[in-house]
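For reference, the chain that follows is the form predicted alone, supplied as C-alpha cells.
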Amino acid sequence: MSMISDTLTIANVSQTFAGAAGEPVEVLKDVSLTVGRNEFISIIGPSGCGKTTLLRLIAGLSSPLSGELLMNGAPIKTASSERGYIFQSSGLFPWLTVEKNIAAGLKARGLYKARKSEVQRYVDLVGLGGFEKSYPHQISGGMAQRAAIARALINNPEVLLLDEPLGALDSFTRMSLQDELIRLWRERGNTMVMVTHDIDEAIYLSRRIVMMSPRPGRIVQILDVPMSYPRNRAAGDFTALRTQILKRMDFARDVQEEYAI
C-alpha cells in the first residue's frame, strides 16, 4: 500500500477556548501536519494537549482560530461523510438494533432504500453476524465498538478519525480490535487518524506517530514506524521505539516549561 498524495493538510493551526473565568486558553499553537492517502497515523501526548481538539477540527466539527485545514486540497469548513468519526464510547442509539444503528447514517443522508442491501455486508465485515437484531444493552462493549466502526465505514469515508475508540475496553478485547482495525484499514484503504494515550497501541497500529507537547499543543516530533505487519509487541525494535517515545515525552514536558509565562 503506497502513499499516492496527501489527503489531509494542516497548516499553522491554532485554537483557543474560553477558560472558566472567560479568559482565553490556548489549546493548540501553530500545528502543521500532512497525512498521506491510505496512511495510518496516531497522535499521542499528555491529557489536555489538544489531541481531540485537533481531531474535531479535521472532522469539521469546529473551526480553528487561525491556520487552515485542507482535504484533497479543498478547505475543511463543515462536517462531511468523507470523514467518519468514531468516539471512545460507541455512541450507539439504545433504541435501535445493531443493524439499524449501522444503517443510521444512510437513513440520515436519504440513501437507505438504495443501499439497504449493504447493511448485512457491514454487519459481517466487523464480525457481528447473528447479532443484527440485538440492542446495544444486549451486547458487549467490544461488540458495540465494532458496530460503531461499521456505522462509520458504511458511509464510505475517505478518512476515518478515531478518538480513543478502544480506551474503555479490557486489554484482550482491545488487542482483538486493534487487529481488526489493521485488517479493515489494509482491506479498504481508508486514511486513518487515531488519537490514543496508549503508546503500545500507537506503535502496533501506525505508520507514523505524531507526538504533541502539553498545552498549548505543538507537534514536537513525528516518528516513522518502519516495522512490517503483523507486529510483535515483544520484539526488540518494538520495545526500542517505546523507550524512544517515553524519553521524548519527557522532553515534551520540558517544552511546557520553556514556553511558560
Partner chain sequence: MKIKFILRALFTVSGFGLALAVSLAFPTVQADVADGAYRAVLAGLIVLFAAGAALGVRDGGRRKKYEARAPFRFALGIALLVWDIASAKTGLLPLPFFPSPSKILSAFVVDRDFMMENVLFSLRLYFAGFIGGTVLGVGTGVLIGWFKKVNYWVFPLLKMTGVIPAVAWIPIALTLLKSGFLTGAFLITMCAWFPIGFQTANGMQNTQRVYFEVAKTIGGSDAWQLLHVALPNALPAIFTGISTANGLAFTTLVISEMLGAKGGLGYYINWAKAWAEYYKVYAAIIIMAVMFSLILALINLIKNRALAWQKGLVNNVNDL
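Numbering follows the first chain given and starts at 1. These figures come from a predicted structure and were not determined experimentally.
There is another form of the same protein, the form predicted together with its partner chain; it is not shown, and what comes next is about it.
Taking a 4.5 Å heavy atom cutoff to its partner chain in the model of the complex, the contact residue among 72, 176, 140, 81 is 81.
This chain lacks the partner; the member of 87, 112, 122, 131 within 4.5 angstroms of its partner chain in the model of the complex by a non-hydrogen atom is 87. No residue of the trio 186, 220 and 238 has any heavy atom within 4.5 Å of its partner chain in the model of the complex.
Taking the partner from elsewhere, residue 95 is found to have a heavy atom lying within 4.5 Å of its partner chain in the model of the complex. Contact check for residue 182: no non-hydrogen atom falls within 4.5 Å of its partner chain in the model of the complex. Taking the partner from elsewhere, residue 65 is found to have every heavy atom lying beyond 4.5 Å of its partner chain in the model of the complex.
At a distance threshold of 4.5 angstroms between non-hydrogen atoms, residue 91 is in contact with its partner chain in the model of the complex. Stretch 150-158 is the contacting one of 150-158, 186-194, 112-120, 165-173, since its residues have non-hydrogen atoms within 4.5 Å of its partner chain in the model of the complex.
Of the residues in 36-67, those that come within 4.5 Å of its partner chain in the model of the complex through at least one heavy atom are, in sequence order, 56, 61.
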